[in-house]
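The chain below stands alone, shown as structure tokens; this is the form predicted on its own.
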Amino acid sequence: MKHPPSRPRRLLVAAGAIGALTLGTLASLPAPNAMAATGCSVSYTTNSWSGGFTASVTITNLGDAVNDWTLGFTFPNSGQRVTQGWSATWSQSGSAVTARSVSWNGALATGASTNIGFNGSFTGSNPSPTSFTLNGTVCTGSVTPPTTPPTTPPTTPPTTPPSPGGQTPVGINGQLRVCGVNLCNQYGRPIQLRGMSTHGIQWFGNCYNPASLDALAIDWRADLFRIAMYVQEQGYETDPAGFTNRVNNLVEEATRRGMYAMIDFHLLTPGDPMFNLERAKTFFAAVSARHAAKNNVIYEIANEPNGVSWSTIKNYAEQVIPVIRANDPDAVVIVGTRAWSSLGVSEGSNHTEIANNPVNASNIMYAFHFYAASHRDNYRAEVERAAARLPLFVTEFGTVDYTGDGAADLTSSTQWLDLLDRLKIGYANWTFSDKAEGSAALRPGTCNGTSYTGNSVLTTSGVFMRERIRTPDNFPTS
């Protein structure tokens, strides 16, 4: 199916560079009312280019739990400036920089970490700060006992926001499960989820901010937000803790908007999932523990296996799924299929190899991917046959050719989506990003601005997908 994507046609930043959410404002703000930290450590990494850089900052609380936090540091060079930040509210006065926690990451238990970041500019050199404070305490990597114990322990707010209610997709459907060959809601009725996939969050993290996700949830009326976390290609393997934090932050933001969040372990190159088996176990143990109490998280454990047999993919799945189930026994898990998740079609096989030797686990579905300009009638016919025997989810598809580029084939795309609607097969379109390629929904440069609603910021593919996704959902409740 989709070949490895070409490098984005704008400056790439290294892993650890672009964070997820929330975009703060650059303003002078008073310090929050927060108790002093008693110990902390900070990791600060950058990726620089001519006149600009991206910084990733990981804060670890080594002492007593805190409810809110303020991180402070001073740039060594007076020509360094914060220009855009996320996962905190950023301010700068002279060379002094302050980052304040936001609602969903203010509570840091003992040993807990959070990742924040920003884009910056500089003149001259770009040295890293050497000293950081958390709530006024210098972060030395050790604990300083308070001279006077607090009279009352701090009250730690819940880290998981209240479940959304009302007319959001999650509010209506609740916890999903697989029933027969369908995805069913809390009423046991088959449903179809429709939404969008990110591009690699290491490259396009600035596209996933409060304004863009509000547009996706409210203007597009999307049910689903797929979070594509590449493992290689400057992804997870370069900064496991940082990328795990980014994924967690995006899940929280989807949750706040009542959308389902699909966590995509984006295997692509190499295509053998066993190459990343231990990474997968580590990652899914962490994210499933974090989100076990939620009813809106779907786990996609292998994006596009390729060049390997179905038995290899099955072996991988049967080792990763128990890791998730240990924390989250109820969530739906999606397993990638052979030949770039084409059910084997792109390597001359078909769905029968799966149907005759299914993964030994319950509440699972199988992924199918297509690119409408390249994959046409024979692929549609195979999906029709497979859907009678297997629960399928189209976790990724494009309106263009298999490279992710070229002109949108709206005729083939319409035929595909009509088929998926009829069979109640859920889907996520590639991609909700502003990459300069045909599959991107947003026009190049959109993510540097603040407007994401309406058709004016959309490509041909984006206009088509927005109109399809905006049509009313059919979510039966009885």
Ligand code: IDC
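The first residue of the sequence shown is number 1, and the count goes up from there. Quantities reported herein were computed from a predicted structural model and do not represent experimental measurements.
Keep in mind that the form predicted together with the named molecule is not shown, yet the notes after this line are about it.
- If you check the named molecule in the model of the complex, you find a heavy atom from every one of L268, Y371 and Y402 within 4.5 Å.
- A single residue from the set Y260, F393, F118, W203 has any heavy atom within 4.5 angstroms of the named molecule in the model of the complex; that residue is W203.
- Exactly one listed residue, out of S342, T255, S87, N303, brings a non-hydrogen atom to within 4.5 Å of the named molecule in the model of the complex: N303.
- Among residues of the shown chain, E382 is not one whose heavy atoms approach the named molecule to within 4.5 Å in the model of the complex.
- The named molecule in the model of the complex is not approached by D409, whose heavy atoms all lie more than 4.5 angstroms from it.
- In the model of the complex, E437 approaches the named molecule with a heavy atom inside 4.5 Å.
- Among heavy atoms of W430, some come within 4.5 Å of the named molecule in the model of the complex.
- Heavy atoms within 4.5 Å of the named molecule in the model of the complex are found in one stretch of 119-127, 327-335, 229-237, 206-214, which is 229-237.
- Residues in 70-88 all lack a heavy atom within 4.5 Å of the named molecule in the model of the complex.
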